[in-house]
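Shown here is one chain on its own, the form predicted on its own, set out as structure tokens.
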């Protein structure tokens, strides 16, 4: 017999046995839900129900008396996987027929192989997972890299669950930042990138920001002498100016020719800020010359992004330009539609959306997880100069996405929680509450580097490329130390697999609501909770299997009596349930947690018990089957995480 969910089979039998027993006990309330959870130790069985504690409150009887009465009503001979049921301290504990259960679990893993664990849903949906969407102004930084890793892992989870999934990248090419780059790029005569294009354009962005900010702050400081500006305000401006002057010194030291030429060209403009603002306005309006300029710069940066992300195995099905929605009138159509609702008003030539009124009128605060006394801030739709804001354009983009998918997941940082809420409220106002309810904001916390403060505008950042390169280098040193007999080609290949896997795991394994503290000691730890640890466990299983002769005797799973063997089999059987929960509730980190716990059990098993030399031979065969099952499940978990599973390390 093969099962896609062995532990689920056992759980179903326990649930059926419990319901049948409850029906036989007279004058006992019939609960709508049955709690069945793994007990703290296998000595208390594989599943336990605390139902009797709830029943005791309703009936006035003692939990242990109820548990004993219900347990006696269960005839285990009617079930395939239950060997016994015991009442312990008010709990009803279910014990699996371990030889049968091990045969079902390990046999299913062998039969299903790369499909094991990936239980397909009965009713699949079409999903768009929009992720990464880093502004095309500089290289992807390690601080931004958590987004593509989480987004890609979510897409992998949903696809393995049987859903149709499209991965979208929203190119944020509208706004002042794109205009700043275009301004600097134009001033330099549209130079051909030296080196990786996103890195080169990032230098131009920082240099242009630096030069224009220094000019702006100097003028602001001069104006303070003509007015009665408080000393405290003057000091604040001076401090900002000093910071930018320090950045200018750094830039001139690192890129003297580019920086000096750019400074010389920008100094020819009396008011660079007005030129940048005009570029921004012209681009949103679709002025042909400006369109060509900004698209050219953005394409260069995106070329670099694609190269970086492909190293991590991250790709997209669609690249969606924010500007396209402005040029196609989709944004103006949304604004006009919102103006026809009672939720839009004008204030000093600024168009505002009353998000609070929508939340009240549609009684949405509880649904959105808000307190009744929380007032949702209004959303600016259109500035006084006629340009729109990001969230306004995002409403049009969301309507477009829902024409192509039933469900949409936006992988966006926690700092965008308000904007994502306002987006949903705008959809409700447009009578698209169904879209709002099928739109998920997958929020995540920051990546921090102890002792390092990142600032993209000031060029103080560590790029994703630099981290991947450093991880590969450090992995090479570790692999060479641990396996000096490997060929150079093998060392290079394994170090790339291990290094990139280490970075990816470090960004996925932490609960998204918590920040990732990125340190090399944690990322490249071969001993616990890291990709190298999981990969090393997989490689260890492969090594055991390579060394073993082909079994000639059938396994006897009844001989797997050590607690660590039972725990490992149980862990393997629970992978499908872990996967279902991770996919249905968008919990990519739980796959990492599971793989780490399985690796812990496997390495304890390996250290404690012989495999190839185990006696009698049916025990050795059973342990080899167990090792093979660990190999398959670890590999499958790593695939979901987007990490390669090497056979040697």
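Note that the rigid core is defined as the largest set of C-alphas that superpose within 1.5 Å between two forms. These figures come from a predicted structure and were not determined experimentally. Positions refer to the first chain, counted from 1.
The form predicted in complex with the RNA is left out here; the points below concern that form.
Using a 4.5 angstroms limit between non-hydrogen atoms, residue 30 is distant from the RNA in the predicted complex. Within this chain, residue 174 lines the site of the RNA in the predicted complex, having a heavy atom no more than 4.5 Å away. The RNA is not drawn, but in the predicted complex it has no heavy atom within 4.5 Å of residue 340. Residue contact check for residue 528: one or more of its heavy atoms lie within 4.5 Å of the RNA in the predicted complex. The candidate spot formed by 383, 390 and 498 lies fully in contact with the RNA in the predicted complex, as each residue has a heavy atom within 4.5 Å of it.
Listed residues 241, 293, 279, 539 were compared with the RNA in the predicted complex; 539 is the one with a heavy atom within 4.5 Å. 419 is the sole member of 419, 188, 245, 285 with a non-hydrogen atom lying within 4.5 angstroms of the RNA in the predicted complex. Figure note: of the listed segments 400-408, 309-317, 294-302, 84-92, the one touching the RNA in the predicted complex, with heavy atoms no more than 4.5 Å away, is 84-92. Along 488-523, these residues reach a heavy atom to within 4.5 Å of the RNA in the predicted complex: 494, 498, 510, 511, 513, 514, 515, 522. When the rigid core is held fixed, the Cα atom of residue 448 travels 2 angstroms or more between this form and the one not shown.
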